[in-house]
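Single chain ahead, written as structure tokens, the form predicted on its own.
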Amino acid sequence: MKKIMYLEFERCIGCRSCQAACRECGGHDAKERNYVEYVDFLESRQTFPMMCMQCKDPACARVCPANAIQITDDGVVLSAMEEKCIGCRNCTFGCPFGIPKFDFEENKMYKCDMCYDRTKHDIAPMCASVCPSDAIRFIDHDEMMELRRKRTQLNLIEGKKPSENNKWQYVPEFFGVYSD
């Protein structure tokens, strides 16, 4: 059974080890393709990991006039192919999560591709393999469903209602994301 990415934003401790691991990953040209953001810098120091959500219908790929952003059979949205990318930056503007970045010196787009060279063989992406707080995990579907069940039960006990935010509708089922 294929493994999936699972994120629990509130577990992030802001250590940025995921970013360091991403920079060290082969083929990333020493650039991190994931980010650690502040929930609200003025209110707290709480951080959360942000990486490509591997959308079901990725806006970055849809708006690319050169068809440079490919989607694997597994549903992984890859970085733009250098030989096709024309540097228009439509992908950077189209992504609701702000993930694709453009390198003006190299004239190319780069983004998280879930370390596809690793995950296609069920090896955890670099970020998940080093996360000390388990905010980023690479787990099987059954484990994700169990975590979701526990999460739902905990939220019901605490009286929390699930909230809807439009951009999360793009995230596929194989990418488990939870945040309070």
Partner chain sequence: MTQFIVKPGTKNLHHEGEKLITTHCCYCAMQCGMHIRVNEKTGKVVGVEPRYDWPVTLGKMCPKGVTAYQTVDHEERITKPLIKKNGEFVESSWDEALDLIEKNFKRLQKEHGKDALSVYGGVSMTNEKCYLVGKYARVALGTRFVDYNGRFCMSSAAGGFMKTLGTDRGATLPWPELEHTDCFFIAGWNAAECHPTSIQWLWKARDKGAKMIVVDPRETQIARLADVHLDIKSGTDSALANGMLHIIVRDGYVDEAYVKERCNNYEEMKEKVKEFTPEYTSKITGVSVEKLEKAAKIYGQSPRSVVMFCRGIEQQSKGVDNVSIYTSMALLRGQIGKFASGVATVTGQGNGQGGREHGQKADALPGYRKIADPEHVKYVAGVWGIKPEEMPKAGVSAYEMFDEIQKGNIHAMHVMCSNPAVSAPNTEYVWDSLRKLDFLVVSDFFMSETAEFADVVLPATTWAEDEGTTTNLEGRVIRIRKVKDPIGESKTDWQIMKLIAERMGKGKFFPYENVPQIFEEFRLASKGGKADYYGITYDRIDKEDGVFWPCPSEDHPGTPTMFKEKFGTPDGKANLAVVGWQEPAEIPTAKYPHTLTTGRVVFHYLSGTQTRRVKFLMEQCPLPYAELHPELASQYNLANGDKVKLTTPRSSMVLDVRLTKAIRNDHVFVPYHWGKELSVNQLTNPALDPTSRMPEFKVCAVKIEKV
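So that the term is clear: the rigid core is the largest set of C-alpha atoms that superpose within 1.5 Å between two forms. None of the values given here were measured: they were computed from a predicted structure. Positions refer to the first chain, counted from 1.
Another form exists, predicted in complex with its partner chain; not displayed. Remarks below refer to it.
Student: Applying a 4.5 Å heavy atom distance criterion, does Val130 contact its partner chain in the model of the complex?
Tutor: Val130: contacts its partner chain in the model of the complex.
Student: State yes or no: in the model of the complex, is some non-hydrogen atom of Arg45 no more than 4.5 angstroms from a non-hydrogen atom of its partner chain?
Tutor: Yes, contact at 4.5 Å.
Student: In the model of the complex, is there a heavy atom of its partner chain that lies within 4.5 Å of any heavy atom of Ile139, even though the partner is absent here?
Tutor: Ile139 lies outside the contact set for its partner chain.
Student: I'd like to check something about Glu146: if you look in the model of the complex, is any of its heavy atoms closer than or equal to 4.5 Å to a heavy atom of its partner chain?
Tutor: Judged by the heavy-atom cut-off of 4.5 Å, Glu146 is well away from its partner chain in the model of the complex.
Student: For the stretch 74-106, which residues lie within 4.5 Å of its partner chain in the model of the complex by non-hydrogen atom distance?
Tutor: Nothing in this stretch is in contact.
Student: When you overlay the rigid core, is the Cα of Ala30 off by 2 Å or more between the shown form and the other one?
Tutor: It does not reach a 2 Å shift.
Student: Superposing on the rigid core, does the Cα of Asp142 end up 2 Å or more away between the shown form and the other one?
Tutor: Result for Asp142: no, shift under 2 Å.
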